[in-house]
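Shown below, as structure tokens, is a lone chain in the form predicted on its own; questions about how it binds or moves come after it.
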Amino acid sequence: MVSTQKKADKTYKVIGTRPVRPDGVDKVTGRAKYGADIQLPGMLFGRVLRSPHAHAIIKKIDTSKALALPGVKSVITHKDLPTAADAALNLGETTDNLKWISDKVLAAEDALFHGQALAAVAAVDKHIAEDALALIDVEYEILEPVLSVHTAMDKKTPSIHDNMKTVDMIARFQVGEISETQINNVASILDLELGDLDAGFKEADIIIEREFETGTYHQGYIESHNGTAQWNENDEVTVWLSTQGAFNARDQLAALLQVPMSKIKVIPMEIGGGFGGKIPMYMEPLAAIMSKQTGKPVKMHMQRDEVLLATGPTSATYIKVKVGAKNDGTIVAADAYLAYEAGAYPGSPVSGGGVSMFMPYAIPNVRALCLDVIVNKTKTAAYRAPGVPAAAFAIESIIDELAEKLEIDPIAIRMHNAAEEGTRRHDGVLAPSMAVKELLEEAQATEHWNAELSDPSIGRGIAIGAWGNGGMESSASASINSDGTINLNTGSVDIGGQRASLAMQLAETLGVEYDSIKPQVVDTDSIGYTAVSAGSRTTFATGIAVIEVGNKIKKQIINRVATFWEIDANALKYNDDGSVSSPDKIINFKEIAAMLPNTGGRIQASIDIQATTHVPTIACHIVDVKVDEETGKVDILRSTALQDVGKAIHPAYVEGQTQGGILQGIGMALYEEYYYDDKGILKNASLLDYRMPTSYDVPFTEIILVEKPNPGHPFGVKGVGEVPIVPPLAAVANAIYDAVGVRPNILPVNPRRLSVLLKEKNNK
């Protein structure tokens, strides 16, 4: 990997360097503790019975034989869960209904997808728990599954949820907010419109209308879901788990268990990957209930097939897009219809796709009609820029086709229509600071874009994409030790090097060395409320909290030194190296720390902030592919990724995020897909059969970081983790067209699908 950094003007002491991560040694030596490492006295082990059917009425569950098995201490079904309220619950990146969450945790009356949890067992060891599952008798009435958005919305198809109405997505799950259009098996609808579409299309000299589909993709994290719960005699619940948000987990548990938040303590363990998939809860409420019943801690850990069967992948999608442009390449109108699979319960990321797909462009007349569709598959979850890669695949494919038909360079047509600060978006927002043109200019100047292709079977593709990023609430606290080191506590789970990036921002703020900061991720009893590590928000939003903590500490230090020197605080200056000076004397940070115990006590500060100054980020991907027309096999030969990062706090981590996003995007484009049979049974629920890219599939990637600082962050930070997954799907598809003259409209474009397209082309 080669990296080039187009730096912002301002230079820093710590920010922009590449120090070793503070948790690195523990992880490489095995000292770091993950959820699977939890061992408690008297601990029981839990397992889950899952539905073998995609759609069935649960007529009866008999657990008596399982309970009679020696070593089994608890068996529970949905009847053991408290009755859930019909109320919305904010999960960070998404909103869900508490009743649906409860039903997903353990099915109530119907099994609505293959692998849905029906019952749970706790036993003295995991083997006895597994044996007990086979003794649970379930009587089903099997129903026909609904497996696509097209079938689901057909008026002849029965509703999966009785009495479910199509609600307005903005008021999702609020009773009475019904849209004007009732659509079968559509949970919610969002209709975004700007300008006059009819007038826009009348202006157009060329109109292209195409349909696109993408498959179901899983996040593919290494560590499977796990959770251990201990419900003590004081009705206090402690949970150790792998999660992207400890407070989010606490809130879900409190609502599901009907226990006050003050009685629940969530301890986030190290996390072995999440990408959005570790926001929902699955087994932890079951472990808690069985712990309450038995008086023992209960540990639960998913097997890999359970992860693929029963945790949230991203949606399979159907998108229809119509775009009109003038002969000079000016896009005058764009109309998109997006139908995303939500799985068995409402809540697909279709709104993200509908909002973000046109975000890089200034188009005067736009519509995005977004439908959240219920099907008999596992409930979807967030996955890195949720909903956006599929939408970008659609619009970027059409823009590439427009460029070809109008004989305009693919970068030039994107540059001509690029959004700028102040562009009115179709969701009503005026675009903030954006680096679309800057990124395209850098792409146009790359050696990759200007290199000759050496073989007619090689094609080059380009695509851009946007992600809006998140703000939300964050807390941080810090205290100075007498040796000059600083303890930094945050509630943001570290999923991508946040300990380091946050410590670096505090070090820069205080003017101290990075190694003097000791960052920790703490439990929900030890810090103020902090939202999930998701939405590319953590380095940005928790970073602001950390900077504010640093500023509060600086003020306290000034006041303390003023008291010690018996001088007016206004006469003192806090310097960039952490020292404090008056016109005639100076004291360094370590000397200040050493004097604190005897001059009023050590200094600490804490803060809670609601970050609202996040801005979108833009990414561009250039890719070369070689296509074997006999087999349909596609090889990635070369890749260049450009990304607007605001300010790269730790450039190596930003490069790692970019590399990871590209790899996952290539997986979506070429390899990964859930395979269901006509009964809704998932046939590839293992990593032997679910084909993710390996090291052999990774392209040589040059990464170019473009720094256009975010004016809403003291150091210019923008989120970086999600946008790199957005452009690769379209870039790969456009490169395939450049190589062999066929445009993939269904992804993944595996050898089987590409061979069909090539055969159709050759038979014309």
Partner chain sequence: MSKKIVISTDLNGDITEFIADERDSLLDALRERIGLTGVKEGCNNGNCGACAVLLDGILVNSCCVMAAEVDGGSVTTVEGIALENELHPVQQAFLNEAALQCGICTPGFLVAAKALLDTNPEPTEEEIRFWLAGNLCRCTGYDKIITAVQEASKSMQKK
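Residue numbers count along the first chain shown, from 1. This is a predicted model, so every value here is computed, not measured.
Below, we turn to the form predicted in complex with the partner chain, even though it does not appear here.
Engineer: Under a 4.5 angstroms heavy atom criterion, identify the one residue in Phe540, Tyr340, Tyr383, Trp231 near the partner chain in the model of the complex.
Structural biologist: Contact check passes for Tyr383.
Engineer: Could you spot which one of Arg560, His218, His416, Lys296 gets a heavy atom to within 4.5 Å of the partner chain in the model of the complex?
Structural biologist: Of the listed residues, the single hit is His218.
Engineer: Though only this chain appears here, would Val28 touch the partner chain in the model of the complex if you measure heavy atom gaps against 4.5 Å?
Structural biologist: Heavy-atom contact with the partner chain at 4.5 Å: present for Val28.
Engineer: Using 4.5 Å between non-hydrogen atoms, is Pro751 touching the partner chain in the model of the complex?
Structural biologist: Outside the cut-off, so no.
Engineer: Verify the contact flag for Asn489: yes if a non-hydrogen atom of it lies within 4.5 Å of a non-hydrogen atom of the partner chain in the model of the complex, no if not.
Structural biologist: No - in the model of the complex, heavy atoms of Asn489 and the partner chain never come within 4.5 Å of each other.
Engineer: Can you tell me if Phe275 lies within 4.5 angstroms of the partner chain in the model of the complex, counting non-hydrogen atoms only?
Structural biologist: Looking in the model of the complex, residue contacts with the partner chain include Phe275, since a heavy atom lies within 4.5 Å.
Engineer: Want to guess which of 342-350, 149-157, 232-240, 688-696 is within 4.5 Å of the partner chain in the model of the complex, heavy atoms only?
Structural biologist: Looking at the partner contacts, the answer comes out as 688-696.
Engineer: Quick one: which residues from 629-647 get a non-hydrogen atom within 4.5 Å of the partner chain in the model of the complex?
Structural biologist: Read in sequence order, no residue approaches the partner chain (within 4.5 Å, in the model of the complex).
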